[in-house]
Structures are given as structure tokens and as C-alpha cells.
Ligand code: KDO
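In the block that follows, a single chain appears as C-alpha cells, in the form predicted on its own.
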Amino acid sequence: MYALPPPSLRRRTLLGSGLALAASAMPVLAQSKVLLRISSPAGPDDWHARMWTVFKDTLEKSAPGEFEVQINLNASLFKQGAEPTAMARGNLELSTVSAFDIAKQVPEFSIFTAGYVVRDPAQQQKIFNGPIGAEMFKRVQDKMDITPLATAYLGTRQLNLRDTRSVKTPADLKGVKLRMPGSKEWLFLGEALGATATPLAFGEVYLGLKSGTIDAQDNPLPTVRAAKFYEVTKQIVLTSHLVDSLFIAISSKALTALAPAQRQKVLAAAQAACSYNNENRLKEEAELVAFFKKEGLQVSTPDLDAFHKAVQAAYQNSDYAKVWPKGLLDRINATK
């Protein structure tokens, strides 16, 4: 037999054992939460950044204590464009991917980077929330190992002219030096609009408009205000030639690891986040028309049907359309 230690020592031993047991349990408790790391290139004031807070808050309400959501903005976790690969490898759970990002690996998705394919934000949501979206997202899943969950409205690109002119059809843009990003896809769109597409770095656009090196530029209205292009232009033509999208996507590996109920909660949180973004971005764009008019710019709307027909014809007669699934453009056009 052996003697028991003094009561004081026994209390200290029991206390130490209890602390050790609690400490050993802490990692288990921490690991019981599902880690969801988010990488975004957006700055904190962008609606595309703020929507991630909505995602986090929605998930916390629907699944309290089940997830640990870490939001990383300003490309602090992964640089812009690197997110799809990181998600495919399982190094990142969530991010936004653009149609241009997807088209690099899923060429048929390039139909959504072409002018006048998506008419407006309302049709955008109907397309991606319906059978077309389901089919195209399945292609993304199969080829990229990521799963799109919801569609965020990125903005509608409009024309911004240095001098006023009557613009009703693409023919009215003949000879207009329209600044476009330097890739062949963007330059093709500029030519399809009827203008003379002119490549120029974004940082040089303000001076180019001021000096007359270019006659026009195209961007969503919030960009026109942020870059102060309204100071060196006199007209905005609401061509609405490209309704752009961002897709909240999750790593397919991360999605598969979730319980069915958790998957539904993550999906609902992504949809709530996109709804928040879409509502606020549309409101901002609507308010900007009045802002530009107040600044003295003429705001006009051309014959959108004429632009739509001309630009789609240009794409259909090009190599770009050869990779589009047969009949897809007609189905998109028929989506009301």
C-alpha cells in the first residue's frame, strides 16, 4: 500500500489535471467549427466586399457556432485570379469568380463575356437561377472543381464620350476612338459596337480623354464617378452593352465535406449576400444618372435593339461563337 499525498497537494493535482483536460479539449472544440476562408480582391467600401459580411452574419444566424468564417479583402490572402486554382486544390474555401475567369478554363462560358448576351440585371438573375445556369454551373463543377452558389451583379458598362453627338445605332460611332482594355476580346467588343477600338491602360484614360487621344471610354457608372471621367467628358450613352457578373463559388472539396443541412445554409447565405450586393449596386447606378446630369453631362439612350442585333451578329460570325453550346444563345435570348 502507498500513502495518499496531503490534501493540499491532492487539490493542486486535481486542479492541474482538470486544466490539462480542459486544454486538451480546446482544440477539439475549435476543430468542431467548419473553417470557411474567403479571399476577395475588393476593398472594404465595395459592395462586393460588404456582401461577405452579410454572408457571415446570415450563416451565424442560421447555424450558430457551426462555422468559422474568415474574410480576407484587398487580395491579402490570394492575388486576384489565383482564387479558382486555390479552391480547386482545397487551399481556399470561398471566393468570387468572374465570367472571364471561368472562360479561361471553360471556353463555352465565354458566351457571358460577349456584348448584348445578357440584357439587364433582372434577366441575368433569371438566366443563372434557371436551367441555363444549372447546366453551365455543372460544366464549371466538372472542369474546375469549384461550385458556383449565387450570382452577384458586377455592373453594366456604358459609353462615356468626350464630346456630345447623336448616337442611335452603331453606325453613329464610326470613327470614334473608343478606349478598351488591351485584350483581343475587349477590342473585338469595341469594334462590334461600331467604334474604332483603341487599347489604353486604365491609368491613362483620364488624360487620354482630356487631350483627345481617345474620344470615349466604357465602364460601369460607378467607375466613371470614382475615376472622375465626368470631369473630361460631356456625354454618357446608356448602351448597356455588357451586363457583368461575379459568382460566389465554393471549393467542391469543401462543399462535399459539409453535411446536407450545412450545404443548404451556406447556399442560402451566398444568395442573401448576392441579393444585398445586387440591390445596393442597382440603387447606386440609378442615383448616378442624376449625379452626372447635375454635373452637366448629357445622358442619352440609343436604339438598344439596333445595337443588340449588330453586336450579336458580329459575335455569331466570329470564332468566339464556335465554342458556344448549340442553341444556347437562342435560349438566353428567349429568357424573359
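Start at 1 and count along the sequence shown; that's the residue number. Superpose the two forms; the largest set of C-alphas matching within 1.5 Å is the rigid core. Keep in mind the model is a prediction, meaning the values are calculated, not measured.
Another form exists, predicted in complex with the named molecule; not displayed. Remarks below refer to it.
- This chain appears without its partner; in the predicted bound form, the one residue of Pro107, Pro131, Gly212, Pro181 with a heavy atom within 4.5 Å of the named molecule is Pro181.
- This chain is displayed alone, yet in the predicted bound form one of Tyr230, Trp186, Tyr206, Phe78 has a heavy atom within 4.5 Å of the named molecule; that residue is Trp186.
- By the 4.5 Å heavy atom rule, the three marked residues Gly115, Gln125 and His308 all fail to count as contacting the named molecule in the predicted bound form.
- When contacts are judged by a 4.5 Å heavy atom cut-off, Arg119 does not count as touching the named molecule in the predicted bound form.
- When the named molecule is considered in the predicted bound form, Ala42 lines it closely, a heavy atom lying within 4.5 Å.
- At least one heavy atom of Asn219 is located within 4.5 Å of the named molecule in the predicted bound form.
- In the predicted bound form, no heavy atom of Asn91 sits within 4.5 Å of the named molecule.
- Contact annotation: the named molecule lies within 4.5 Å of heavy atoms from the stretch 42 to 50 in the predicted bound form, the single such stretch among 42 to 50, 264 to 272, 283 to 291, 297 to 305.
- Along 201 to 216, a non-hydrogen atom within 4.5 Å of the named molecule in the predicted bound form is carried only by Phe202.
- A displacement of 2 angstroms or greater separates the C-alpha positions of Gln158 between this form and the one not shown, with the rigid core held in common.
- After superposition on the rigid core, the Cα of Gly81 moves by less than 2 Å between this form and the one not shown.
- Relative to the superposed core, Leu189 undergoes a C-alpha shift of no less than 2 Å between this form and the one not shown.
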